[in-house]
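Only one chain is given next, in structure tokens, and it is the form predicted on its own.
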């Protein structure tokens, strides 16, 4: 009896209505919060979480938990005995379309990625820089004909973490992970434990910007187990021009702190970047990139324009921005890999067909009622 009552509650249309109302509330407060905490932080707090803390201590359901309830409710409603009738065939199709839409949203939330591909004229790129996640990279410069990378992902870069670069290799101890940094010259000589950049500069935290992409992250770490007495405390920040060099296992390395890279199974070469300015201003009216899409050594020339992206192997490249240098122009392509990209289109068609079938089935009854 208790199980039957529980199932009735799960299948109740009221659950769907309540979750829909709560989603509207989340959209309202999440939109307002963007002004103070930024778009990304607001998205993570209200929409990409299972719960969040209101006023710092009251847990409230987040977007993912609400959508999970909505999916369970919609799926369980298909098991209602009175639903599986010919006259409700259109409603069943609408339910299936809604489930497909929610499934596509789940795939997008958990597996999709987005970032920037930055290419200067005449150069080629095969990787995408993540908007938010960072990585610590140790580059082996010992070999003349190749470069070897040892990459440490963001989850290992939390303050207080310890790990070894390779088996029985040097130990890395993360002292500080700074979300937004200011760089100042040292007033007095540094202690001998500070190496590289930190011999002349100090990395200090400052208030993060609302938009995460406007911050300059930095990392301070201690390394033990190098050769030639290069153990000590090192500092890195995003966009650092001069690298710190040291020896690990009698091999020459340097370190980088950069945005997480995702490599794509092809290359894009920027042939020409063109922009059109508004007359009498320095504001770009439109801009486009003529590129070579190189796969298996075979180039295919194409044009990426505003609102006319390039789509290939699940990746979509949008013309987002550009960087002007003295010697060459650089394009910035917003890159998205969305596994659920087609789900909204397919589910919309399915739900439209379901509504049309339901209307056609109900039409004779409606005409009969009107005639009487």
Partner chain sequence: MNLKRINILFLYFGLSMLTFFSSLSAFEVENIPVQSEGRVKPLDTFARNLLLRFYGKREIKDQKINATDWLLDLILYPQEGRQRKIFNIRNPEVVSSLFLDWYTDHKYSYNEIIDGLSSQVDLINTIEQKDNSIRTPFDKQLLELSENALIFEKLSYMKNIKLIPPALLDENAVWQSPFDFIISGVTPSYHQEEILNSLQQYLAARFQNNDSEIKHALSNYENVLSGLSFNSVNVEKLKDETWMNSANLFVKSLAFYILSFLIIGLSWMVKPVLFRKISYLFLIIGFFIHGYGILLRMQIMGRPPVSTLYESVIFVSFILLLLAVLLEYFRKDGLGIFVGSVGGSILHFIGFSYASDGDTLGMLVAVLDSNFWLATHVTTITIGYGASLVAGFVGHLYLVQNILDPVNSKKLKSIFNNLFGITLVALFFTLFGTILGGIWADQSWGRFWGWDPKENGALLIVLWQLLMIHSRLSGIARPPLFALGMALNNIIVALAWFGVNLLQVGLHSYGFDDGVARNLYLFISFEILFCLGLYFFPRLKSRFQTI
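Residue numbers count along the first chain shown, from 1. Being a predicted model, the structure only gives us computed values, none of them experimental. We call the rigid core whatever largest set of C-alpha positions still superposes within 1.5 Å between the two forms.
Only in words, not in the display: the form predicted together with the partner chain, which the text now covers.
The partner chain is not shown here, but in the predicted bound form it comes within 4.5 Å of a heavy atom of residue 279. Using a 4.5 angstroms threshold between heavy atoms, residue 313 stays clear of the partner chain in the predicted bound form. The partner chain is not drawn, but in the predicted bound form it has a heavy atom within 4.5 Å of residue 34.
At a distance threshold of 4.5 angstroms between non-hydrogen atoms, residue 246 is out of contact with the partner chain in the predicted bound form. Within 4.5 Å of the partner chain in the predicted bound form, a heavy atom is found for all three of 20, 285 and 344. This chain lacks the partner; the member of 101, 202, 233, 134 within 4.5 angstroms of the partner chain in the predicted bound form by a non-hydrogen atom is 101. Distance criterion of 4.5 Å from any heavy atom to the partner chain in the predicted bound form singles out 47 from the list 322, 69, 47, 52.
When two forms of a protein are overlaid on their rigid core, residues whose CA moves 2 Å or more are considered shifted, and residue 241 is not one of them between this form and the one not shown. Relative to the superposed rigid core, residue 74 undergoes a CA displacement of at least 2 Å between this form and the one not shown. With the core held fixed between this form and the one not shown, residue 185 has its Cα displaced by under 2 Å.
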